[in-house]
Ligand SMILES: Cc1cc2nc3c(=O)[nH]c(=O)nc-3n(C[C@H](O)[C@H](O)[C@H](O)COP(=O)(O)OP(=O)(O)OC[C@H]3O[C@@H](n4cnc5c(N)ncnc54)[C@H](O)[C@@H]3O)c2cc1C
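As structure tokens, one chain now follows by itself in the form predicted on its own.
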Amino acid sequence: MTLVRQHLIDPEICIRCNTCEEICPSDAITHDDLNYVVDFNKCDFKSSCLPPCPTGAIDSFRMVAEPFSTADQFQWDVLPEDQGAGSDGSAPSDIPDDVARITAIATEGFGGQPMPPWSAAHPYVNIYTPDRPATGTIAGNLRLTDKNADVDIHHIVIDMGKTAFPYLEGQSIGILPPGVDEAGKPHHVRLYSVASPREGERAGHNNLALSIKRIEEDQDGKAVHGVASNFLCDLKRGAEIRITGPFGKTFLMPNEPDARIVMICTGTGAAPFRGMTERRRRRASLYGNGSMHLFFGARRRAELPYFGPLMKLPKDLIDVELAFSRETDTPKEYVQDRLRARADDVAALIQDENSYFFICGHKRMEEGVHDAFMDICAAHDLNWAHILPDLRDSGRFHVETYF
């Protein structure tokens, strides 16, 4: 059975404010005395209606064998079942298989996908698909690392034009590289964390940024050619790319003023934390006793993305610990070593119910960070094995790591 994705409006939470109908550019939304509905044949998935909706009723999608007509929708009191859901009804299959596979790998560390922070904003997910991608235009492509550095990392700004693409700090987008693989099939989607705050690189401009490392060797040091990373790093200003997403429902920034955000990363794993830090920086006057703590690792200073801007951030905004494993003038260190060096502070953060922990980067860091937390807890009469499940269940511990 072939399923198609249909945009619908949830009648149970819609307040009939007419915002969606007024803003829809394709006149796909209409209403009667009972419901607001979406005409499948007119909807172009441009998603202009999503951000203005005050309740989230418009953020409803279903995988269906036969699209529901507007006549059907006018009769509803509740949304129908998602025909693409898993057997338990909890796992919608409209998330692309490639994305589901990557996400499962990324979140398996420390027990899988947790709850989101209770104060995180509502995320929009999978608005654009491989069949109906959004189109972005390269507005800038800046190499972040020194030309003599072994690592080539770029800061790429993508202009979304008039396309609605709402995202939150911590979410990812999918990039569809052009061409086909060795089997003659289109390249599968690649996921990249957004490196911008939710209002974009510049407030009032509909754009976002990515931190891209050019892949020229695999984890074993063998030469490879990263299809998507090389494609992105070589793009010139004005080039167009196809985008899916956004993705991610849990690795999200807490919004309460007193939140203490602990960020642990290596390399381009800093991308989501750049977005979180910039969000806090722009809204510093709104935060109370909250704080930000960054443990950032790289081989050398020259390979650390955003090193210059990071060093210029106010000390009362963010507490930064850097670890370099190949620098000639400093002892060899990894992020777990910096965690242990700040053991008293980390132990206090672990016990603070306003603290949120985020880990992002290469999978090789997971074991070391896990061991560091165990050691820190043991030295402070705490039991990490008991604490970790509580942190996850309360939406305060998040891991996204990749090979």
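So that there is no doubt, residue numbering starts at 1 and follows the sequence shown. Note that this is a predicted model, so its numbers are computed, not measured.
The same protein also exists as the form predicted together with the ligand; that form is not shown, yet it is the one meant from here on.
Each of Arg190, Glu217 and Gly226 comes within 4.5 Å of the ligand in the model of the complex, counting any heavy atom. Only one of the listed residues (Thr244, Thr268, Gln73, Ser196) places a non-hydrogen atom within 4.5 angstroms of the ligand in the model of the complex, and that residue is Thr268. Here is the short version: of Leu176, Ile138, Ala106, Val151, the single residue with a heavy atom within 4.5 Å of the ligand in the model of the complex is Ala106. Although the partner is absent here, Ile212 is a contact residue: one of its heavy atoms lies within 4.5 angstroms of the ligand in the model of the complex. Heavy atoms of Leu322 never reach within 4.5 Å of the ligand in the model of the complex, leaving it off the interface. Within this chain, Thr277 is remote from the site of the ligand in the model of the complex, having no heavy atom within 4.5 Å. Under a 4.5 angstroms non-hydrogen atom cutoff, the ligand in the model of the complex lacks Met292 among its neighbouring residues. Comment: 227 to 235 is the region of 227 to 235, 279 to 287, 256 to 264, 158 to 166 lying near the ligand in the model of the complex, near meaning a non-hydrogen atom within 4.5 Å. Contact residues in stretch 159 to 183 (any heavy atom within 4.5 Å of the ligand, taken in the model of the complex) are limited to Ser172.
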